[in-house]
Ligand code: NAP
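Quick heads-up: it's one chain on its own, the form predicted on its own, in C-alpha cells.
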C-alpha cells in the first residue's frame, strides 16, 4: 500500500488556542501583516491575533481588503503593503479567500514576478505564514495551493509550491459561531468534495484515503446539524477538523474535474465555490461509475451510503438551483476540459462527459 504523505504544518487546535498559543507567533519576527476580510473584526479572531502578538511585543499591520474571490489587484496591493512596512511574516484570518490571498501576498512580498503571478516559478523566498481558518471548508491552512481569480482567462486559477504551506494552523471553531447558515453548508460541502475527489485522484494512496475517510466521518457526522442549522461548539470543531483533514488529502492528491467545472459557475454566475462543488459532485460520481464501473466503490464505502442517498442528502442541503442554458454549459465543459484537474482523475473524462455532468447538475 502506498504510504506517501506530506503536510509540514503544525496544527494547534481547541478553544482559545490563538491566545493560549501566543508563543507560537514569537519565532517569526517583530512585525506581521494580518491578511483578512472585514468579518475578522466581528468574529473575534482579529482581536485574538492582536492580543497574541502584543503578548510577544510584536507589531502588526492589518490588510483587510480581500474580496470574496481574491483578484490579482488585491494580492499585488497586499504585497505592496507588506514591502512598505517591512513585515517579517503573514497571518491569514478567514475562509479560503483571505488564506489564498495571503499565500500570493507572501510570495509577491519577496519575489518579483515580471511574467505575471500565474506564470511565475515560485522560489523558496516566501514570507512565513500562520493561518487561522474561520470557515470549515477550504483546507487552505494545510495546502500548498492558492486560488486566485484570473480575469484574463475568465476563471479561477491556482498557484502551487511547497513554499506555500503555512508554518502553523490554529483551529478554533468559535470563530465560526456567527457564520450564516448558507456559508456553513457551502464550506462543509467544499470539504466533502475535497475528501471525495482526493480518493479518485491518480495520486491517491493509502494514507490519503485514511485521512479522507476520517474527514468524511467528521463532516457527515454533522449532517443533521447542517440540515437544521443548529450547531454546538463541538459541532463547529468537528466540521473544522474534518475540513482540515480533507485539506491534507488534497495537499497530497490534488482535486479532480469537479473543481475544474465549478470554477466557471463561480466566475460567471457568482456561485460560491463550495456550493458549486456540491451541485456537481453527485452527478460527477454517477458519471465516474458509468465510465468505469466499480471506480467509486471505496468512495461510497467511506460515505457510508449509496449514490442515490448521497444525492438526496446534498440536494436537501442546497435547495433550489439555477438552471443554465445549453450553450453556456457547453462552453463551461470546453473550459473545464483544459483544466489540469481533469487529468488528475483516475477516471478518464472527455469534454462530452463533463458536459453531461454539468447538464444533469445545472441544466
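Residue numbers count along the first chain shown, from 1. These figures come from a predicted structure and were not determined experimentally.
The following text describes the form predicted in complex with the named molecule, which does not appear among the structures shown.
Quick one: of 106, 91, 147, 280, which gets a non-hydrogen atom within 4.5 angstroms of the named molecule in the model of the complex?
Checked against the cut-off, the match is 147.
Find the only residue in 178, 124, 230, 153 having a heavy atom within 4.5 Å of the named molecule in the model of the complex.
Comparing distances to the named molecule in the model of the complex, the residue within 4.5 Å is 178.
From the candidate stretches 196 to 204, 109 to 117, 288 to 296, 137 to 145, select the single one in contact with the named molecule in the model of the complex, where contact means a heavy atom within 4.5 Å.
One stretch meets the cut-off, namely 137 to 145.
Examine residue 75 and determine whether its closest non-hydrogen atom to the named molecule in the model of the complex is within 4.5 angstroms.
Answer no; every heavy atom of residue 75 is more than 4.5 Å from the named molecule in the model of the complex.
Looking in the model of the complex, any heavy atom of residue 252 within 4.5 Å of the named molecule?
It does not: once the named molecule is placed as it appears in the model of the complex, residue 252 has no heavy atom within 4.5 Å of it.
Is residue 95 a contact residue for the named molecule in the model of the complex, using a 4.5 Å heavy atom cut-off?
The answer is yes: residue 95 has a heavy atom within 4.5 Å of the named molecule.
Considering non-hydrogen atoms and a 4.5 Å limit, does the named molecule approach residue 338 in the model of the complex?
No - in the model of the complex, heavy atoms of residue 338 and the named molecule never come within 4.5 Å of each other.
Do any residues of 187 to 216 have a non-hydrogen atom within 4.5 angstroms of the named molecule in the model of the complex? If so, which ones, in sequence order?
Result: 187, 190, 194.
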